[in-house]
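Single chain ahead, written as structure tokens, the form predicted alone.
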């Protein structure tokens, strides 16, 4: 087998991911250059971190590898934009600790368990409606619909807003995909209000609409509290400290993204894998005790976020490479989740595998994802509902993947029902 030219490996161009994860490139980097300098045509370049151990170690070391210094994406952001855009994932301790203390009681396993019955009802309704048609798009009819409908109920938004929020969530993170990107008039409307794209999260004007939506909802709950997440966020405090208005709307925008897009992509990739390897779904059907582990394997395989950035705050040596203060490091979760040293035969999907070490939720440390329990619950709930119906599917037409260097998933996954009871 010919050896890849490591200097020719491209990881930033969204087109690289249209046909699937470039596993060969990541495999070569893990083996030959796990701390790899990657030049950028429109930036200073970055260190591509591809080994599981390094991703975890850096994630747990915010003092030397900051999320706040230059934020968590590839792009370089000016100070004015950072002030507008900063959310909890773009802070370091102690500020991150402050924010997390305020909101973390709302995302405990016990709180999430309270949502399980609603999640199952949503899954049942969506499956019944879609399966009755015989053929449908798994992404649009199930994956887009389920997380956002659970989210609006938890969030306290009207269910009639679910489609709009799902559309805005797509526009938020798919600015590089012509099928999902915000339309020109949305950019024009943001500029008319004095916001250039770089002022906004993901450089997307959809974030501005989400800010407005969240502000209106927060104002309404201050005036008339209810038993919902927005009211709890508005009222949440730690030792007398509460979220400011700017922190509230940024956190709500983060929730729409994290609570919808990542779960959607995991559900889509998981079903695609079960269709490609039906023996794994059959195995899971015969032994439901495997479900918890299967959820971890689905998440590992899906890895819905390719990478997040850290910025070095001091000179550091890593695997013999001299990283300078201010250097950009991209932590490739997608590579860490296929690291042979942690997951033997990693490109084999196996529901019996111990995949608990997967880093979908951030590799540990202060930024471990608040929504991890909610995401796991939704993946388990949907695939349990599929198994309870004895459903099996086949791909029923061309699939399409996201054109994105950030979100890993499918835009379309047409399926037809081939079995059910």
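No experiment lies behind these values; they were computed from the predicted model shown. Residue numbers count along the first chain shown, from 1.
Below, we turn to the form predicted together with protoporphyrin IX containing FE (HEM), even though it does not appear here.
Does protoporphyrin IX containing FE (HEM) come within 4.5 Å of any heavy atom of residue 130 in the predicted bound form? Residue-level check for residue 130: no, no contact with protoporphyrin IX containing FE (HEM).
Taking the shortest heavy atom distance, is residue 394 within 4.5 Å of protoporphyrin IX containing FE (HEM) in the predicted bound form? It does not: once protoporphyrin IX containing FE (HEM) is placed as it appears in the predicted bound form, residue 394 has no heavy atom within 4.5 Å of it.
Even though protoporphyrin IX containing FE (HEM) is not shown here, does residue 299 get within 4.5 Å of it in the predicted bound form, heavy atoms only? Although protoporphyrin IX containing FE (HEM) is absent here, residue 299 would touch it in the predicted bound form, with heavy atoms inside 4.5 Å.
In the predicted bound form, does residue 86 have a heavy atom within 4.5 Å of protoporphyrin IX containing FE (HEM)? No.
Going by heavy atom distances of 4.5 angstroms or less, which of 204, 269, 170, 262 would be at the interface with protoporphyrin IX containing FE (HEM) in the predicted bound form? By the 4.5 Å criterion, the partner-contacting residue is 262.
Tell me, out of 233, 166, 123, 255, which residue has a non-hydrogen atom within 4.5 angstroms of protoporphyrin IX containing FE (HEM) in the predicted bound form. Of 233, 166, 123, 255, the residue with a heavy atom within 4.5 Å of protoporphyrin IX containing FE (HEM) in the predicted bound form is 255.
In the predicted bound form, does each residue in the set 36, 43 and 326 place a non-hydrogen atom within 4.5 angstroms of protoporphyrin IX containing FE (HEM)? No, the whole trio is out of contact, none within 4.5 Å by any heavy atom.
Spot the stretch among 233 to 241, 88 to 96, 288 to 296, 312 to 320 with residues whose non-hydrogen atoms come within 4.5 Å of protoporphyrin IX containing FE (HEM) in the predicted bound form. That would be 88 to 96.
At 4.5 Å, heavy atom to heavy atom, what parts of 278 to 306 sit next to protoporphyrin IX containing FE (HEM) in the predicted bound form? List them in sequence order, or say none. Heavy-atom contacts within 4.5 Å come from 299, 304, 305.
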